[in-house]
Every structure is written in C-alpha cells, then in structure tokens.
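Shown below, as structure tokens, is a lone chain in the form predicted alone; questions about how it binds or moves come after it.
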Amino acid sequence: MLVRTLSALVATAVIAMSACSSDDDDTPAGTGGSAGKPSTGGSAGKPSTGGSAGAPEAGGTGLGGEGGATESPLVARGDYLVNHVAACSDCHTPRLPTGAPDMTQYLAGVECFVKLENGDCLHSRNLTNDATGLKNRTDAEIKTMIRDGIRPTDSGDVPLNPVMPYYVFHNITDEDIDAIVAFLRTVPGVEHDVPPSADSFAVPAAANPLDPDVIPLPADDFPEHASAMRGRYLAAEAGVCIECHTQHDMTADVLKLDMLFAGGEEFPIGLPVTPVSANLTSDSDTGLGDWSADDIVKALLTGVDDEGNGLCPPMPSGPMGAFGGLHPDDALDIANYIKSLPPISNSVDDMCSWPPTP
C-alpha cells in the first residue's frame, strides 16, 4: 500500500488538516450498496450525539448548505461535523491563489489533490448534489464510503485509498453519520466531473477500521473523566486528531498503533521547513505534559501555542481554520482528552514557525 507516501504528500494540496479525501472515478451505481452499519464501538461513555451537550443543535455554519436558523437540528449537527470536527472541506474544496477556500466550488472536489513526483495525481471527490457528485448516490452508499472505504460501482465494490481516513470515521455513531448525510444533501450542486485518479493510487483492499479498543481511554480517576470521554470521540472517531498526530506505516492498519497521538508525521506543504505533527501525549519532556487544558483550547480556537507562537499548517486551528469553529465546550472536551493521554516519549524535531520567517 502507498499509505506512508500518501499520508505525507496529502498536505501538499491543503493548508489545513487532512480529513475527507478521494477515490477513483466510476459511474455511480445509484442503487444498493452495503447498509453501512458497522459497530460504533468505543466505550460506553460515548455520547449518543457524538459531542458535548454544548454542540450546536440548530443554526450551524451553513457553509454551502441551507445555513443559519433555517437548518434543522439534524442538518446543523452534520454541518458542524463536516466543517469543524472532520474538516471535510479542507480536502474537498479547491483553494484560491490566496490559500482561501473557493466557496463557489464548496465541496466540489479538488483535482490533483495529491501529486506524486512522477506527476501521478489523486483527486478528491465532488460531494455536492450534482450528477457529477453525490446526487445519484443512496444514503447507504455515502455511509459505506465514509465508514468502510468502499465505493459501490456497477462493476463492483472499489476500495478507497486511505488518504481518506475512513478507517477513523468507521466509528462515527449512527446518529452522526445520519447527520452528515443529511447535511451533504443540502449542499448546492456544482458540476465538476472529477477525473479518475492515477492507477498508482489504487489499493487492493480497504484499510482496516481503527479498533476502538486501541484508542486510549482516560484513567478512571482522571478528574475530568466525562469530558475527556466526549473529547475522545471528537478527537479519534468523528475527527482526525488521531490521524494527523500519529505516524503512518505501510500496513493495513495505516497508523502505528503503539504510537497513537505521539506525533512525528511529516507534512511537506512547500514551507521553508517541513512541519511535523506534535506529540500530544502527556509526556513532560517530548509531549504536552506542561500544557494546561486552557492552553490546548487556545491552540485549537486561536492557532496560538502556550508561548504565543502561531501553529504551522496543516493544523486547521485559529479563526480561519476548521477548528476555530469548534464549540468551546467541545474544544474543552478535546483538551481534557488530550490531557488524559498516557505519556509516550517521542521527541519531535519541528523547526517550523508561523508565520514563516522571511
């Protein structure tokens, strides 16, 4: 599999965290597909709605959807998950020369989202309600692609390249996958017939789902246990913190399971120095052991670390990033979960600074 190469190259096409991604192009089957109902797994403490009680129930961001107060609670929840927790837009919306998302092409797919040195390209798919997007897909087919990494076609099931972290999203709750599909159905159609990805991106089988039993649990005596459990879902099942802050390998598990959240994944996005994801564990020497939960919330919402330095892309933090739209309660839940992570010693040599030094 091309997991290690692709996970590094995916950031060349974005300035925000990788989340949803792509597959090759075939005519949609339009019918059938698997039911897309894998076990939600995880601990008994996982909230039924997938986030904290403070998560929005109506009037979400409305990016490309119905918007504002016109959104139903289900659609608003999906809007929030797509645009702020899973950050799907970062991979499925083209960028303007300024680096800002081209909202006239919201979720319409990105051509040559990942480009190999030989010129081979992987393209992210059109998720809008156009015939070239998801309009002719059933809800079950969309869920199967998101959760299982399988795209049903007339000629058979096609496994998706694991640049799309479906192996993480496999554990999204039934309620939240329903919300995501409900929101995607509101996204205005944009005609964009994304070409097939290069054969070099084809994989023989879908990556293994991330076993929820391997995702670290907060200790029973952790002071903010309930909050940390909610954050665990947002950081490692419905969101992609675990995907970017864990080194990738060449196996069907994609992630190095003994190094979850320990950082060290490189993102060559064309900066003078290649950013490397930070060690988020509680190790006091190489991780975030000295950070407070408030420091982590500040980093998520403002894009500034505990010493006032800007966080390098592709971290989608700050007012202009996907995580800048997190509900404060959810940001605190994620922070408490990160504070609960057991220490892993992994020194990360990240020389990137933001904004870049001239």
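Just count from 1 along the sequence shown to find any residue number. None of the values given here were measured: they were computed from a predicted structure.
The same protein also has a form predicted together with a small molecule, omitted here; what follows describes it.
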inquiry  = Between 229, 260, 207, 288, only one gets a heavy atom within 4.5 angstroms of the small molecule in the predicted bound form; which residue is that?
reply    = 288
note = Note: exactly one of 277, 173, 128, 93 sits with a heavy atom within 4.5 Å of the small molecule in the predicted bound form, namely 277
inquiry  = Within 4.5 Å, heavy atoms only: does residue 267 come near the small molecule in the predicted bound form?
reply    = yes
request  = Report whether the minimum heavy atom distance between residue 324 and the small molecule in the predicted bound form is within 4.5 Å.
outcome  = no
ask   = Do residue 318 and the small molecule share at least one heavy atom pair within 4.5 Å in the predicted bound form?
value = no
query = Does residue 88 reach the small molecule in the predicted bound form, with heavy atoms at most 4.5 Å apart?
reply = yes
note = With a 4.5 Å heavy atom cut-off to the small molecule in the predicted bound form, the contacting stretch among 249-257, 208-216, 120-128, 93-101 is 120-128
